[in-house]
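Single chain ahead, written as structure tokens, the form predicted on its own.
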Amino acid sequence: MNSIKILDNDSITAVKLLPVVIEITSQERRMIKDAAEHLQKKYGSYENRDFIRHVHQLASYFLPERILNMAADFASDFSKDQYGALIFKGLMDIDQENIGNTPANWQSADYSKFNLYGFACALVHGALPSKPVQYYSQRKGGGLIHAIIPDEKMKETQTGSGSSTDLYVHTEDAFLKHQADFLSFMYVRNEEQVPSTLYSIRSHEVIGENYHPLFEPIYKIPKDANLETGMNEEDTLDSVLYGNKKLPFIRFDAAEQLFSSSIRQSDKAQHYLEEFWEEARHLIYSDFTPQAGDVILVNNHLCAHGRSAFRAGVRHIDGIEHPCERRIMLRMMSKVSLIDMRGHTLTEDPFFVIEEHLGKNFQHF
């Protein structure tokens, strides 16, 4: 268990659980790059469905044994000591010259430049094992990888394209019943040195009776800020905690559930959410600043994620501002079982999820 002791007046008051940080060796990094290059020659693109269908077997064949073992243990560990996030430092070498200047937004990104990194990320998901999928709710699908790039026009928003405000911690697509099981975030560049934030439900010392109301389906879970929530959807309620009562999973989006001006929780739900957030916000981990080539792997049922506010394209060195390339992060999502969500996928493509909001599908499919 990775943890730090939190001191108050020279006495221990709590033990804060931390994500596991893995330093990738130069030999492991070489193996992963060689594997990605080989698979790129064979399959062309990480989007190739033959590659995705066989990603579990390919991960077992190509990935270093240490990473395979860590991923397998991580995927099925829901214990009190499992934070729900692994940080792989230096998983890939990033060819910054080939990437070129950061585009203005994700819409103008050249995904062919991320192809090699897509294969590497998919192999990590395959080791869990979990299959990469895409969600129509995320940029109308948009492929198995999304480039998260700060957009000047959206800098004030609670989205991946925002920058000037803290992105509150949230589980990805909390508004879906079949949200991703696992997420990976590969940092292509982070010259602004923006810290990532993580929050694990396991960081609470104990889930006691005071948290039992969070298991009740009384909470509005609106769509993300970049999606419209219809009036009839506001009445669809769900719980924040679910699963095992002592070691639960979490479905939570602080920005949309607590701080959005477009919805209002019931007085009861608002009270319990505020009570929960008052403790949770002190357990947010923000001590890791990703570097190019780092990957954060997240169990989306245990761990929420976010990032600190920053000024895109500016890096501070010794208190002096210097212009820099804006950050680029690649997000991939995966599901352990395609069977459980089959009623929410395209008929001809079980890797394409069409759920719109808490069990309701988009109507035009």
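One rule holds for the numbers: they count along the sequence shown, beginning at 1. Quantities reported herein were computed from a predicted structural model and do not represent experimental measurements.
The same protein also exists as the form predicted in complex with D-malate; that form is not shown, yet it is the one meant from here on.
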Even though D-malate is not shown here, does residue 114 get within 4.5 Å of it in the model of the complex, heavy atoms only?
-> no
Does the 4.5 Å heavy atom contact test between residue 189 and D-malate in the model of the complex come out positive?
-> no
Report whether the minimum heavy atom distance between residue 170 and D-malate in the model of the complex is within 4.5 Å.
-> yes
How about residue 148: is it within 4.5 Å of D-malate in the model of the complex, going by heavy atoms?
-> yes
Look at the candidate spot formed by 178, 335 and 350 and say whether D-malate comes within 4.5 Å of a heavy atom in all three of them in the model of the complex.
-> no
Could you spot which one of 56, 315, 305, 29 gets a heavy atom to within 4.5 Å of D-malate in the model of the complex?
-> 305
In the model of the complex, the residue from 288, 219, 185, 211 with a non-hydrogen atom within 4.5 Å of D-malate is 185
Have a look at 336 to 344, 39 to 47, 59 to 67, 321 to 329 and name the one stretch with heavy atoms inside 4.5 Å of D-malate in the model of the complex.
-> 321 to 329
Which residues from 91 to 106 come close to D-malate in the model of the complex, meaning a heavy atom within 4.5 Å?
-> none
